[in-house]
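Here you get one chain, nothing else, as structure tokens; it is the form predicted alone.
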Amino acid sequence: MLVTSRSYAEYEAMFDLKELPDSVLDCCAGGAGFTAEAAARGVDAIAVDPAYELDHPELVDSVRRSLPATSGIIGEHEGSFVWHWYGSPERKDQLRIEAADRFLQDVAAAPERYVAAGLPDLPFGDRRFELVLCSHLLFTWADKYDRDWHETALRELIRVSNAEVRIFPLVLQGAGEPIPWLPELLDSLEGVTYEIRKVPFEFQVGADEMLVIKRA
């Protein structure tokens, strides 16, 4: 099980976050440090991920083993990645290590912030969160999850949001191909408006846009 640890700084850039609302859901969060940092800033922040079903020693082991694992994808598609945001592979690795440490400290200290579940079924009430974030799941793994799964997952993210859903990135992992059915899928959603917005982050070549869905 890959439990990726992304940093708060990466979230700020991936989702073009200027300030946070009162409540935020990170789905599926993995070993990210975002929820811990958001909670420290006074936000009602919740992370959700199937990995949280693991007992604590197994979760620690999965997070630690996952730190070098993403390098395999990068190595297989070396020409599909750029380093201008991170500056260097070493800086990326340092951010991920610090994020993993922050996550593991917080999940031990405040386990109620970390809910074991996953898309397309979330255990939250309608309109529970002002902002819902989803990184590197939808669209990234469109070769594994089909269009119907994505539609169900999107509707679930919208259901638990009271205002806005942000999703990043919008291309396949690895080589970064576009998702051919994305426009049709977005047009099928009712009761929302959406836009595709540039963000100040790029690691995969061409993966510099997020999807913003707002309640109409």
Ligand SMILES: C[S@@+](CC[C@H](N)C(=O)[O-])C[C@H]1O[C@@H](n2cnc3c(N)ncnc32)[C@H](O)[C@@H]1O
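All of these numbers come straight from a predicted model, not from anything done at the bench. Heads up: residue numbers just count along the shown sequence, starting at 1.
FYI, the form predicted in complex with the named molecule isn't displayed, but the following is about it.
- Taking the partner from elsewhere, every residue among A29, A51 and Y145 has a non-hydrogen atom within 4.5 angstroms of the named molecule in the model of the complex.
- The contact residue chosen from L131, L119, V107, A100 relative to the named molecule in the model of the complex is L119, the criterion being a non-hydrogen atom within 4.5 angstroms.
- Contact with the named molecule in the model of the complex, defined as any heavy atom within 4.5 Å, is confined among 177 to 185, 145 to 153, 159 to 167, 39 to 47 to 145 to 153.
- Taking the partner from elsewhere, V212 is found to have every heavy atom lying beyond 4.5 Å of the named molecule in the model of the complex.
- In the model of the complex, at least one heavy atom of S135 sits within 4.5 Å of the named molecule.
- Although the named molecule is not shown here, in the model of the complex the stretch 94 to 113 places no heavy atom of any residue within 4.5 Å of it.
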